[in-house]
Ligand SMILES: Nc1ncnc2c1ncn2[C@@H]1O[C@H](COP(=O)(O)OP(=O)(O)OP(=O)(O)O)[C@@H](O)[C@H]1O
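First, one chain by itself in structure tokens, the form predicted alone.
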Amino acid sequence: MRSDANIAGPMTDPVPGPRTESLGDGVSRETPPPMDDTPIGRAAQLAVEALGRAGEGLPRPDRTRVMVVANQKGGVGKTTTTVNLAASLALHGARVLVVDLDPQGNASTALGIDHHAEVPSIYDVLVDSRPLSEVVQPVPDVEGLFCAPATIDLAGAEIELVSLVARESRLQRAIQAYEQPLDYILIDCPPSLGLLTVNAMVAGAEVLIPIQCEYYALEGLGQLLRNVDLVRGHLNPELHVSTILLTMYDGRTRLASQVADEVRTHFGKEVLRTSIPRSVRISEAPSYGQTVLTYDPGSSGSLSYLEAAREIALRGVGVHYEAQPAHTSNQNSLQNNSEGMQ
């Protein structure tokens, strides 16, 4: 993590140093500001508490958990969720790898990883069978966090994979051959259900679906669940939806509560208790090549992702994932409910 004085982003005191208070007759006394009575002080205290909780550590899974962050809808917070959950887990003491499967490379950008066209990337792993260890880079801000970046070359990978042998399982084989110990692998998928997303689903055991608390939240989700069922039935019997995370939650609106209730009704225990609020800090962080955890540790977004990561970690302790019942009973009603909310 950065040791810069400005670790909390732009929230710094414009007048550094102690304040003075006049006692008359030319005598002054230095008085420190009451930390809990100022916005800066409260933010600093939250940051200390958040980082203190992160440093506590959590039980490590008994085997590497490979989680596929997927939703074919764009703008639901897939990349934001991937990088911030990964950073949160790493701050809790886990060793985490982010695999950026989105040709836009936004996860690589948010983690401060160079991903211009000449950089060895996940494209080389999928198309040219390059070892994953040759493309993985450490994330500079967070110890224990690594990234396999995406470059613009990945945009053509869907077409190039069509003619290759075992096209659906190339990422799986690369991960299995990776020898460095890892607690978590989070795969950031593109907003589509093509071969890149299928490769992720074949490689992973768990699917994490971010769902935004807005109109059309459930639209198209039935198709994603059907694809999960197809991959489980034909290519990866361990695959199942383990986690649903509500994002962009605005507690001031009735719509957010309505969407949250609908999602919890359909998915029950898979939905995390923690939801991610709408946050300017979360949106700002990638432009600085950071996650919100390092950009503003005391923000509501940072605290929410730390708690979500804690939930995910505690849910997975001692659990060996097996084939789960399909969600087919929910798929028809999902579409009906999404139409009713429009």
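As the structure is a computational prediction, the values presented were derived from the model and not from experiment. The first residue of the sequence shown is number 1, and the count goes up from there.
If you look for the form predicted together with this ligand, you will not find it shown, but the lines that follow are about it.
Contact check for residue 227: no non-hydrogen atom falls within 4.5 Å of this ligand in the model of the complex.
Although the partner is absent from this view, residue 206 stays clear of this ligand in the model of the complex, with no non-hydrogen atom inside 4.5 angstroms. Mapping the unseen interface onto this chain, residue 131 falls outside it, with no heavy atom inside 4.5 Å of this ligand in the model of the complex. Under a 4.5 angstroms non-hydrogen atom cutoff, this ligand in the model of the complex has residue 77 among its neighbouring residues. Exactly one listed residue, out of 137, 169, 104, 109, brings a non-hydrogen atom to within 4.5 Å of this ligand in the model of the complex: 104. Proximity to this ligand in the model of the complex, defined as a heavy atom within 4.5 Å, holds among 90, 174, 217, 248 only for 248. Candidate site formed by 115, 120 and 180: none of these residues places a non-hydrogen atom within 4.5 angstroms of this ligand in the model of the complex. Contact with this ligand, judged by heavy atoms within 4.5 Å in the model of the complex, is confined among 309 to 317, 291 to 299, 277 to 285, 59 to 67 to 277 to 285.
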